[in-house]
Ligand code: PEP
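First, one chain by itself in structure tokens, the form predicted on its own.
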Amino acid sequence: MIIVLKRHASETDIATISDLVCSLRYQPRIIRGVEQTVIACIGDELSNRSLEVLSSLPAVESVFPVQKKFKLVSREYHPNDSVVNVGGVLIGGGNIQIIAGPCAIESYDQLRAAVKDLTACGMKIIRAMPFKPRTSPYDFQGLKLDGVKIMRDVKAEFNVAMVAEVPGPAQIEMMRDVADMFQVGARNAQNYDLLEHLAHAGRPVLLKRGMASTVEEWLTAAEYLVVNGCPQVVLCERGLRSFDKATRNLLDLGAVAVARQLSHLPVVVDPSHAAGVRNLVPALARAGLAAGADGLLIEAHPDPVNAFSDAPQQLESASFGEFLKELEPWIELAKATRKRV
């Protein structure tokens, strides 16, 4: 349920109504606007008592239900675009960001070379993966603790924000000081125990869509993060499992548009995992921005042909500037479009 307070409701009114919401066994979440305050009431609307009784209070303008399973990530609760801060770099609300880096950390020299190339192109957020969950146990799984140390050393040299995937709760603490944003991979998109642990880690979260998740399941997974205290969430569309092998995954651009309509959270597109081959990445990147994405997540490697994982889809970091130059008109168009929304 959503309680809309009358303009200029006092702090006493807000506190009184919040206490009443608690007495009806809901959790009040307050969002203050310029002129009006809204209280989102979190709880089971079937078993709890109805909040509609509060509509008669002098400070209440209206009370209405949110018909979706995701409450706090919905635009009904928060009509304006949210902006996520990743180590001082903003995503959302007209801030278009490109996140780039290798599929996995393979060595100090490999990550340093990639970061040197990418920061020279103006990249402000680096994809840095010390842990690499794979479908097969025989595939390269990342350098793990050694990768975290490499990540820490390179970050200190280049002073750049980094996003890293967390495969489980046990890895959160060891990366807390070096990761500016935690990533939840497609395989963990509905690992609710992990989501709840990440919500308390004090870092923004990049939430990839599951390989076969509906948009509702994707947004409900984000709700686990937000309701447990992590409002800084970025959604990532990376493609769905499909019968067609022409691309690695089926990039669902419709889901990008739908997610932006239903939710205030920023949405980015991962064209690398969707394409599976590097020559398709530029086209899918342009399409993602045209569909309304707030940014892109792209794999770039100093020697992609010899990469330990996902070699066919990684761009060469030394030529990343050329890719960005070709993408620039779409980035500028995306910025202009967001300003008009």
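A residue's number is simply how far along the shown sequence it sits, counting from 1. Just so we're clear, the structure is a prediction, and the values are computed from it rather than from any experiment.
There is another form of this protein, the form predicted together with phosphoenolpyruvate, and it is not shown here; the text below is about that form.
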Let me know the one among 155, 132, 260, 197 whose heavy atoms come within 4.5 Å of phosphoenolpyruvate in the predicted complex, would you?
132
Here the chain is shown alone; which of 271, 204, 185, 147 has a heavy atom within 4.5 Å of phosphoenolpyruvate in the predicted complex?
185
Answer range among 105-113, 219-227, 186-194, 75-83 for contact with phosphoenolpyruvate, defined in the predicted complex as heavy atoms within 4.5 Å
186-194
Going by a heavy atom distance of 4.5 Å, is residue 71 a contact of phosphoenolpyruvate in the predicted complex?
no
Within 4.5 Å of phosphoenolpyruvate in the predicted complex: residues from 221-253 (heavy atom criterion):
238
